[in-house]
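The chain that follows stands alone, in the form predicted on its own, written as structure tokens.
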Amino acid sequence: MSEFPKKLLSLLDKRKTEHNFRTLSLPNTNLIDFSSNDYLGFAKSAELKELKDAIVKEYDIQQQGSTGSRLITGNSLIYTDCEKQVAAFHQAEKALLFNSGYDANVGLLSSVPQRGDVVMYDELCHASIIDGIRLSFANAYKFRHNDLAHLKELLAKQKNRETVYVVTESVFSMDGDCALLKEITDLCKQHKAYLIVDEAHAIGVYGEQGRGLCNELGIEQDCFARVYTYGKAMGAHGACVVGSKDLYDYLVNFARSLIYTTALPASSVALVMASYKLLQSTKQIKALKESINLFNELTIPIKDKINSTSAIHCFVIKGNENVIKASQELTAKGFDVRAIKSPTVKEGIERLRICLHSTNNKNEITGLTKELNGYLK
């Protein structure tokens, strides 16, 4: 085997020195879950499995794999029916399924913005959004997080640009706070910019029957595109981009992460359909909101908490070594709470990231907040 490049070894050594060396480990199932994105408990839901099995039987799904990309042999009737279901639920003309949220963002943002176009994005947008923008030939500018004045200033400088896109998450994955979507929508209208919103952490949490924050704010029809992912509250896998029929046709023809990859198997699509059916019962959404309200009430005294009404709650603990220690102490108490270290977030704002679930009971939440109050006072 050839020698591994010394330059790359030095980068690995630097990660170790900074207490940020990543490894893959098996989850400890004996801990109380305050770290997974399974906000509604769907991933372990027996009810969801029953719904999925019924759909598999209805479509007579025998094949284990999809055998090819959707443009060759990987497409099937269940894909078409699922996309119709998704489009109707999210009040859009069309929906297009992708293999993951990463694939959806990369496919959308690498193919839609063209050379000479401008893309503006919130500085805290997910890596998949940033990677997609980098793969396009557009000019890209980031605006300070939720800073409307900065966004307005950037938009005002683009009067001679034919096409401008503004991209944001509705709920930010590492902070748990929400974008100022109403105000951003108004700015986009004033400057004739196209708004793209990633609803990954809002679906199942906000809006009627968990339709997302765009639905709750009534701005669905003001968006050029919305992205919904299924590996979080939906307990499934994959993602979709919703928008106009023209956008659908364009992505089928130009989104490389759709065209040049093997499609999700039909059984995975069946799970997405089942997740949407279960979502409409809303009982899990109600339970999640109760968890969020209780947690916020009990953590009012804690300093350095990032305000959030979502399922994601963060407490800033400066320094990788310090935040790792805090996570380890909570683990020893039986709580699965993860440290988010730099460079995933900026140096100096490392944090504990806590995810709440509909399945977390009052005693679990009270127990965790008691430990947090003791550690972070």
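Residue numbers here begin at 1 and follow the sequence given. Everything numeric here is computed off the predicted structure, so don't read it as measured data.
Note that the form predicted together with a small molecule isn't included here; everything after this is about it.
Site residues Asp175, Ser308 and Arg351 are none of them in contact with the small molecule in the model of the complex, judged by any heavy atom within 4.5 Å. Between 113-121, 95-103, 245-253, 290-298, the stretch whose residues reach within 4.5 angstroms of the small molecule in the model of the complex through a non-hydrogen atom is 95-103.
Using a 4.5 angstroms threshold between heavy atoms, Ile133 stays clear of the small molecule in the model of the complex. Interface residue remark: His126 is counted as part of the site for the small molecule in the model of the complex, having a heavy atom within 4.5 Å. Of the heavy atoms in Thr229, some are within 4.5 Å of the small molecule in the model of the complex.
In the model of the complex, the small molecule stays beyond 4.5 Å of every heavy atom belonging to Pro265. Interface residue among Ala200, Cys214, Val272, Leu151 relative to the small molecule in the model of the complex, by the heavy atom within 4.5 Å criterion: Ala200.
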